[in-house]
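Only one chain is given next, in structure tokens, and it is the form predicted alone.
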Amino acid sequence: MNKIEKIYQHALNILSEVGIKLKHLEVLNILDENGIQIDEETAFFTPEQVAYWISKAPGSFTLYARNPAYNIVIGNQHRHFMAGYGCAAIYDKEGTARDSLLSDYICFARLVHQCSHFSINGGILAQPNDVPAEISHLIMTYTAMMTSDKCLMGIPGNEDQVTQIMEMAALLFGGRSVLEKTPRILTMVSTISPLLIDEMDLSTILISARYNQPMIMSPASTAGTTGPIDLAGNLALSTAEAMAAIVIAQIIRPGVPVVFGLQSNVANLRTGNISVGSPAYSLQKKAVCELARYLKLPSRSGGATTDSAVISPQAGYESMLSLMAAYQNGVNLIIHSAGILNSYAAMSYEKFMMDLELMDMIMQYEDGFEVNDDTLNLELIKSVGPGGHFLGAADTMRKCRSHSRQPRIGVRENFGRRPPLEKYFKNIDKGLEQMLREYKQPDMPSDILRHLNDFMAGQGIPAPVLEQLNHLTCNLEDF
């Protein structure tokens, strides 16, 4: 039995002997009706039940965008990046924090739309603190729909909130019957370690499954605090939680698409905070991908993560390790790929641009190089001969623009003894300005826009708020 099989078997033992607490009466009743042992609020799953229900989930699925050019397959050998998720603060380049605002959400949505590395937009790109919490899910979803025609990320919530989001998606894509036929909006489900799924996330599973929309089952146990300190035990605990969530979804609606998405962390035991820049965090990503393959499910993990609170050498080397570990190990969906600072505490525009550079470099590295008669080019070497040079050769002139990668923001000039950071940050600012300047809002059919606006008004969004939202999403000069 190899390491992955041992972790899987241990996860099965956890689910059958310890169980998982579920804070949702309707879900508990559904499980009970399907033969799952229930003791008050704790569900116990036998290994046979886990294997049977997980086998109902597809090994891959297509996520459909409003613009078919952005449709993507999640699973198999496909790898996709997503930007940051869930942060309520913005850090500047010095590490000074401020509240994230709706204008930040819109800016990041535009940047994601402009960047060819991303095919999924929306979700909680940055939690807007200037929007009331009770309507923020509506505002963010509406904004994502208005700003981009890429695939949509949803937002977890209570049954009413998730239903509202699904109804908006139905309006966007042609009705509920159309929505239920194809995966259109992907939602994150985060268990509470150890071994608890709360009412909000069970509600998210319940409603998403009823609309046949895909979910990322994403436990985030932290080795040493909310999970065992040993990585094997921490991964087994997270695997148990993820498998329980997947089984619940399949019992509610067999065949609903799911992603095995452990976000297993490690703790900084000096402070109690999580650490997402360490090798231990990246080691767990490798195991997540292997576990997903073992279960025949798509995988998800974190991307360019760092514990640094500023753009610094630490932010660079930790983010590169984390992103490369996910990409090289074949993680299907790499979230937090751009913008994250300080262990998920904040988004940063400067870090977002830096991470785009990392993605460029990793993808070029993974592409490799060709070896053939043309690239070996013995005749060229003969023509230059010993002691010559290739700089002025016709072959170099012909290929110099396609074979010499220029960085987005990196600095290669000779600055002598002067530090190049000023130029580096100028390149970041220039790149940000260019991306936002080149952004073009995709067309929204007038009838769909009218239906969405009527829906928002019907959910209690005040007319002045809706007018401001339309103004912000449609006017580039405000940014």
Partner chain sequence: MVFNSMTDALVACDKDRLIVMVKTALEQGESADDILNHGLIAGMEVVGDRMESGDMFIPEVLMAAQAMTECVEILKPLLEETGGNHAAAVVIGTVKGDLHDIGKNLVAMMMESAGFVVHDIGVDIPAETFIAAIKEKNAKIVCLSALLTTTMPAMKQTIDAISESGIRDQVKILVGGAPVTQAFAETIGADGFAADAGSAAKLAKSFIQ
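Predicted model only: the values in this text are computed from it and were never measured. Numbering follows the first chain given and starts at 1.
From this point on, the text means the form predicted together with the partner chain, which you will not see here.
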Partner-facing stretch of 264 to 272, 392 to 400, 314 to 322, 371 to 379, counted where any non-hydrogen atom is within 4.5 angstroms of the partner chain in the predicted complex: 264 to 272
Whether L25, L179 and Q213 all lie within 4.5 angstroms of the partner chain in the predicted complex by heavy atom: no
One residue of S119, S308, T163, T225 in contact with the partner chain, assessed in the predicted complex (non-hydrogen atom, 4.5 angstroms): T225
Contacting member of N129, Q114, S343, S278, with respect to the partner chain in the predicted complex [4.5 Å, heavy atom]: N129
D92: touches the partner chain in the predicted complex, heavy atom cutoff 4.5 angstroms: no
Contact of I139 with the partner chain in the predicted complex (heavy atom, 4.5 Å): no
The partner chain contact in the predicted complex: I192, any heavy atom under 4.5 Å: yes
Proximity of L283 to the partner chain in the predicted complex, heavy atoms at 4.5 Å: no
